[in-house]
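Encoded as structure tokens, the following chain is the form predicted on its own, with no partner shown.
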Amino acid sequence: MASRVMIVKNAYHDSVTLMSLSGKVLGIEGVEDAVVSMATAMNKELLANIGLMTSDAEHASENDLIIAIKGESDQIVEQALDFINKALYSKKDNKTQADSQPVKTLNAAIKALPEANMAVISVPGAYAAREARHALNTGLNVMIFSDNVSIEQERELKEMGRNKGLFVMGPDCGTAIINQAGLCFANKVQQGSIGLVAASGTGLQEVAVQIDRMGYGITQAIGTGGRDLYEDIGGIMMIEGIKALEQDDQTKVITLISKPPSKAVQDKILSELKYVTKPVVVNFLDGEREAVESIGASFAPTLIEAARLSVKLIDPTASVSDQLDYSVIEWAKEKISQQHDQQRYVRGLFCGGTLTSEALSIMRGMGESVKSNVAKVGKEKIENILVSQGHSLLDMGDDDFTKGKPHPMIEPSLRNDRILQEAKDPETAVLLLDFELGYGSHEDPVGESLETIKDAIAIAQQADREISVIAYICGTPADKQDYQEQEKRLSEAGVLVANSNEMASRIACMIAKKEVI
């Protein structure tokens, strides 16, 4: 076994770039461990945990880059280092498409692009508020991809943005589509007349994708960051988003997406909606239908229902069936007939946090007791994320799984070991998986897990069991990963590809319950 640790002084790279690169390095044959990250305290802890801490790394600052590789041989390590070097630096001497050189500071970026009106902040959390404040003071709207920004700083920035008539999307905002430009994680969707405001990244993606599949499109998809509906923030940016879409002539329907806000914030937002003249759809997972409908808005209990209602408000003649296909029902019946009585549980391994929450809500609504790491109710909280018991739904993108590692939307292979673990459990009836396409996501998410899925099916069969694998692909035909090809490979492997996360969750629950309804 060989290893090497390098510290590159004052060499900042954004976290999205480094997470993606780390995943690619781990995919090099013979590489056992790889850390390509800024020298934050958390990343130093990760370095120590894999036995690669050095004196230089210990004294590195958050502005320094850590490159650490452990591999089967010196040759493998050198190969990985060469790969990293080319990925990070090979284009540094080349001009960009805009015939300009890369810049290292916000001031330099503003000088290079004086017409810009949006700054995407992706720096260590300790510096994110400072950079966002600077961007706002120069008249830029802000999207803060960074996390680890205090709630006090978030409120200050959002109040500042509101006072200046500027958006502050985030912190920890992973998705937005502004003027048809996808920011961070986003799908390629049609332009249309539905405006979205979401305190949920994959929730926003799912609703936008479903609207696109129905043949309609969006004007804007404004992300707020998941904490915007906390009482400490008070829905500042969701309210600003509502106001902006109300004033936008192209927007005919406004759709809100979130996990359930606090009661006080929900009341505040619903009070604001009383003054909106356009039709509004509200999708607060596990929200209060009666409260929403009492102010004249439409309540959507699921993400795809939010898309359906939005489309119907645009075009009452639109066909948006929610019925299961006959072929899907027959597939489920066949799987039930092949499974043992002890196979009773759904094991969901998700890349998208909101998709996890929606699956939890759907299965709960079907009368099942479920454990999850995204649960808000104490009795639904999973005790040990490393061991599934009963129905278990895991957001594999949660901090507990991604500490020092790329997000599974960037590197879906990180859940492969867990897929095999669940397949070996004789009580597992269904493996429930999601795959996200679009900007920022892995270039071939299905390909990263396909052989593992086949192995999981084979493991069950070798033990005289039949395991059902149900997948949902959050994407559109226009996404760069080729939706049709992703779907084809899963189907050929014996996986049922559902047309929505809602459908995938419902079918999974039916098979586990051994009753198709």
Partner chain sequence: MRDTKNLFNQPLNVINIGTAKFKEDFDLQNIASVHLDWQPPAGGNMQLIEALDAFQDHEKVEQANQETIKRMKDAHPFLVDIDQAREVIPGMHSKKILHSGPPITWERMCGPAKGAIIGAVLYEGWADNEQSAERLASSGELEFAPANEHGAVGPMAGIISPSMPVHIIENREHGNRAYCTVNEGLGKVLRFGANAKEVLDRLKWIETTFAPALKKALAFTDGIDLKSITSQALHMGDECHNRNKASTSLFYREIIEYFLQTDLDKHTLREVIRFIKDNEHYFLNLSMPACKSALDAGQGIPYSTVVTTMARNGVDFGIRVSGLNENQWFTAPANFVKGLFFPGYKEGDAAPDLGDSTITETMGIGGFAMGGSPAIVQFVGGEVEDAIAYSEQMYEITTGENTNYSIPTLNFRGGAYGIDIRKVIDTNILPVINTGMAHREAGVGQVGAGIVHPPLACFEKALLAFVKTYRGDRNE
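Predicted, not measured: the structure shown is a model, and the values here were computed from it. Take the two forms, find the largest set of C-alpha atoms that superpose within 1.5 Å, and that set is the rigid core. Positions refer to the first chain, counted from 1.
The same protein has a further form, the form predicted in complex with the partner chain, not shown here; the description that follows concerns it.
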Tell me whether 325, 433 and 495, taken together, all sit within 4.5 Å of the partner chain in the model of the complex, counting heavy atoms only. no
Check residue 440 for me: does it contact the partner chain in the model of the complex (non-hydrogen atoms, 4.5 angstroms)? yes
Although the partner chain is absent from this view, report whether residue 120 comes within 4.5 Å of it in the model of the complex, heavy atoms only. yes
If you check in the model of the complex, is residue 296 within 4.5 Å of the partner chain, heavy atoms only? no
With the cut-off set at 4.5 Å between non-hydrogen atoms, does residue 417 touch the partner chain in the model of the complex? no
Where does the partner chain sit in the model of the complex: which of 395 to 403, 304 to 312, 220 to 228, 339 to 347, heavy atoms within 4.5 Å? 220 to 228
Exactly one residue in 264, 181, 318, 151 has a non-hydrogen atom within 4.5 Å of the partner chain in the model of the complex; which is it? 181
Answer key, the partner chain contact in the model of the complex at 4.5 Å (heavy atoms) among 270, 88, 76, 106: the residue is 106
Where, within 131 to 151, is there a heavy atom within 4.5 Å of the partner chain in the model of the complex? Residue list please. 131, 133, 134, 138, 139, 140, 141, 145
Residue 457: CA shift of at least 2 Å between this form and the one not shown after core fit? no
Does superposing the core leave residue 40 with a CA shift of 2 Å or more between this form and the one not shown? yes
